[in-house]
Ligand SMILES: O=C(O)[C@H](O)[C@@H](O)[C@H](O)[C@H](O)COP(=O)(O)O
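Single chain ahead, by itself, as structure tokens, in the form predicted alone.
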């Protein structure tokens, strides 16, 4: 797995625009190299901020949206269309405004879907969908995502992997149901660290002073059970994208002083 790299931007708006430009480049490069690209989306204010910035980016039309596979890192287990669901927010921020192939958009199951109010069965179904999309060239039972996006919570959680809860300890399953999450809603579905680590690149997004302690803990060598963000690594690159308030507690030697 790759060692973390840190890029610090002046503020959250610049961070979102720069991350969107970076993501466009990665998608275009992957499509040029392999014909398609696979991205894992994240929710929260920073994930949605990135998508909104991408929607406004002049270069967005460089992407062949019909050859893009979209997955989610986690989901709030709520009815389809609920405004709190990550996929609902992503559609509003970007997805409804670009010509995606609906068959290549893979939202996690909803609480009123085929699996009823059973997040564990829904998690198993999403794991099966990921496995079906994985090819012989992939590293395990999930596709080799080109970029997997993660927001970092103030408690160091990523996706819906919270400190000390069973999901962060999972070593075999790729998707789990989450019960009793400390952040509402308590019932969720999440990729696990083994699935996250199959990605070529993992980008962790954190903006705001409320994320400063989490970034400092996760980048200080903390254990992944206590600080799940510390265990989120990509196979070829692990990139922390921060604004200055989120980076306030990091040693200045950890990132270049000229970061834009």
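Numbering follows the first chain given and starts at 1. Because the structure is a prediction, the values reported are computed rather than measured.
As for the form predicted in complex with the named molecule, it is not shown, yet the points below apply to it.
> Which one of 153, 177, 109, 141 is close to the named molecule in the predicted complex, taking close to mean a heavy atom within 4.5 Å?
Contact with the named molecule in the predicted complex is made by 153 alone.
> Would you mind picking the one in 173, 169, 183, 104 that has a heavy atom within 4.5 Å of the named molecule in the predicted complex?
The option sitting close enough to the partner is 183.
> Is residue 234 a contact residue for the named molecule in the predicted complex, using a 4.5 Å heavy atom cut-off?
Because no heavy atom of residue 234 falls inside 4.5 Å of the named molecule in the predicted complex, the answer is no.
> Quick one: does residue 194 come within 4.5 Å of the named molecule in the predicted complex, counting heavy atoms only?
Although the named molecule is absent here, residue 194 would stay clear of it in the predicted complex, with no heavy atoms inside 4.5 Å.
> So, residue 146 and the named molecule: in the predicted complex, are they within 4.5 Å at any heavy atom pair?
Residue 146 lies outside the contact set for the named molecule.
> Would you please decide whether residue 45 lies within 4.5 angstroms of the named molecule in the predicted complex, comparing each non-hydrogen atom pair?
Yes - in the predicted complex, heavy atoms of residue 45 and the named molecule come within 4.5 Å of each other.
> Please determine, with the chain shown alone, which of 93 to 101, 124 to 132, 111 to 119, 74 to 82 has non-hydrogen atoms within 4.5 Å of the named molecule in the predicted complex.
Answer to the contact question: 74 to 82.
> Though the partner is not shown here, which residues of 198 to 216 have a heavy atom within 4.5 Å of the named molecule in the predicted complex?
Sequence-ordered list has one entry, 211.
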